[in-house]
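Presented as structure tokens, the chain that follows is alone, the form predicted alone.
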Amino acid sequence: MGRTLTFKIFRYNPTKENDQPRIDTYEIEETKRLNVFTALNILRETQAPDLMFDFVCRAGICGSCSMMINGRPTLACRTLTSDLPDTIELYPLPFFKLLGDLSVDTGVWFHEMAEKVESWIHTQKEFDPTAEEERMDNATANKIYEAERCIECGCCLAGCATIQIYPDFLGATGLNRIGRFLIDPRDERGDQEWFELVSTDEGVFGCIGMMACDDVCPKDLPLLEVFSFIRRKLSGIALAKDK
């Protein structure tokens, strides 16, 4: 017999007339290697058929099942109940629009962020489908790969104190995206363009340095390195302008 796990889950359906936010309590028996995602599926199948939460890959790749688990933003599919106490409290991620229960809309924010930072390679070169792919050194390619590992789960934004107060702040995921294109030698944006894009309080200098984003990132992205790189780059641009 495994432990009896008590789940205290935030419930609220904003599309349902007269529904009110509340905490519902459920109990299930813990099984070997049980994770929070599987536990939620068991609860939906046996006790709460209308329970709303998100998932796609079930393998820590899509980022859909991110939620607050005992006060920490993380992925349900990668959180084993054996690492948690007998009572597990689940809430939706803050900051994002609530769709219902544990489900939030991260897509709109990430789409708007991608447009805001112009998340594509800027080049004047015409695309030639028959040409050989441009090469770059392995060190640069590896740095780009590290930044590209972001799964846009929103955990870093949920843990960010700045973005809760200033919703226009780009957050760790937006700054990481900028860092990815700053590193890429194929992007032809000039220093002034980068400076105007990310030197404001909405950009890297809006970060107050608590680094909760780095603590909660489920993919262990090197966010500290990315932020430091961006700050050094912008500081160098500013010093060059003053000369």
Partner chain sequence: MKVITTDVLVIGAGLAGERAAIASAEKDLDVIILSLVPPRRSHSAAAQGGMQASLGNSVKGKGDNPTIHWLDTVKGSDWGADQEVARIFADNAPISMREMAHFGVPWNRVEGGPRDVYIKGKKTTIVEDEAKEGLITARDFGGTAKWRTCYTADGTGHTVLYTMDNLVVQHGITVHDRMEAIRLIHKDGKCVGAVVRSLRDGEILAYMSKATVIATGGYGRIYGESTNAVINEGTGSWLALQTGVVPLANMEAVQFHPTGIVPTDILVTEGCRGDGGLLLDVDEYRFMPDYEPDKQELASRDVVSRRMKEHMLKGKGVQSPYGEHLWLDLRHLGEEHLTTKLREVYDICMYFIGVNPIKELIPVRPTQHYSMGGIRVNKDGHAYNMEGLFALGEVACWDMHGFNRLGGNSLAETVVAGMVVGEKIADYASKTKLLADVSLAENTVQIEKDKIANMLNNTNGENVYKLRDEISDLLIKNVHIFRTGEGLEKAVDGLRGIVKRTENVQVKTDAPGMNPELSQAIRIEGMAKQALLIAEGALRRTESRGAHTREDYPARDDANWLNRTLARWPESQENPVFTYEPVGVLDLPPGNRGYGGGQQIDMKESVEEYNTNVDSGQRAEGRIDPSEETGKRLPKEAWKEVK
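Source: prediction; values computed, not measured. Numbering follows the first chain given and starts at 1.
The following text describes the form predicted together with the partner chain, which does not appear among the structures shown.
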Closest heavy atom of N18 to the partner chain in the model of the complex, within 4.5 Å or not? no
Hey, in the model of the complex, is C153 touching the partner chain, heavy atoms inside 4.5 Å? yes
Taking 4.5 angstroms as the cut-off for heavy atoms, does P167 touch the partner chain in the model of the complex? no
Does any heavy atom of P85 come within 4.5 Å of a heavy atom of the partner chain in the model of the complex? no
Which of 22-30, 190-198, 54-62, 203-211 lies within 4.5 Å of the partner chain in the model of the complex, heavy atoms considered? The stretch 54-62
Residues from 97-120 in contact with the partner chain (non-hydrogen atom within 4.5 Å) in the model of the complex: L99, S103, V104, D105, T106, G107, V108, H111, A114, E115, S119, W120
